[in-house]
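Just the one chain here, laid out as structure tokens, in the form predicted alone.
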């Protein structure tokens, strides 16, 4: 199969072209935009009831759609729900990818998805308690609110705001901490940040839902 990511970074959409009959792509519910009429779609609750509950907790849809080509050249279009970017990472089986809740868009059936508990630090990070752990081989598509900025983290480490994390590779670990003591925590507007250590790639979103909510708050109508 081949793919072309278009309209980036504002309104990312993927045009996927199947090379042969029987090729498949698993897509998050409601992410399909259009498809050729002969592309078959089946809806399932992957992993049974237990897997569905874990996906619900992590911010994913309970159901996923599997699209199967019937002949070469058929196309499938899909896009993330939020206004923003989309990225494709080729999984080669050598490492996992951890995605923030609701960032998963689509993947080959050979890519396995699981929900991983983020620990107590997830309570304070401004993100949900669960991450999506991706393993296996094949293309993995994920989206963001805003554009996606990739950073290759080395031995020196890297610090970022927790609300901007889209995903990171399995060679990285992170530690949650405040910014510059109590004064920095309350006055800087940053709150908590994540300090990444190790060797791997980190994907960041150039915008955050919390940031736009704070920006719009003064403009909301209020009752006297």
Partner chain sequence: MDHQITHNPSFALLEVNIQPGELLVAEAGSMVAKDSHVGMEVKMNAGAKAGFFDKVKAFFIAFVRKIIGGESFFVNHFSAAQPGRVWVAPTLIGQVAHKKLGGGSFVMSSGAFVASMGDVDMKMKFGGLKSLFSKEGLFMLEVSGTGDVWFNSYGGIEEIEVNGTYILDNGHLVGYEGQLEYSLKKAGGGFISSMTSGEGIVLEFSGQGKIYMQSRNIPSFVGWVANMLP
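Residue numbers count along the first chain shown, from 1. We call the rigid core the largest set of C-alpha positions that still match within 1.5 Å between the two forms. If you're wondering where the values come from, they're calculated on a predicted model, not measured in any experiment.
There is another form of this protein, the form predicted in complex with its partner chain, and it is not shown here; the text below is about that form.
- Note on contacts: among 140, 79, 97, 113, the single residue with a heavy atom within 4.5 Å of its partner chain in the predicted complex is 79.
- Using a 4.5 angstroms threshold between heavy atoms, residue 220 counts as touching its partner chain in the predicted complex.
- In the predicted complex, residue 175 stays away from its partner chain, with no heavy atom inside 4.5 Å.
- Among residues of the shown chain, residue 19 is not one whose heavy atoms approach its partner chain to within 4.5 Å in the predicted complex.
- Although the partner is absent here, residue 43 sits close enough that one of its heavy atoms falls within 4.5 Å of its partner chain in the predicted complex.
- With contact defined as any non-hydrogen atom lying within 4.5 angstroms of its partner chain in the predicted complex, the contacting residues in 203 to 221 are 209, 212, 213, 216, 217, 220, given in sequence order.
- Remark: with the core as the superposition reference, the CA shift of residue 7 between this form and the one not shown stays below 2 Å.
- Relative to the superposed core, residue 214 undergoes a Cα shift of 2 Å or more between this form and the one not shown.
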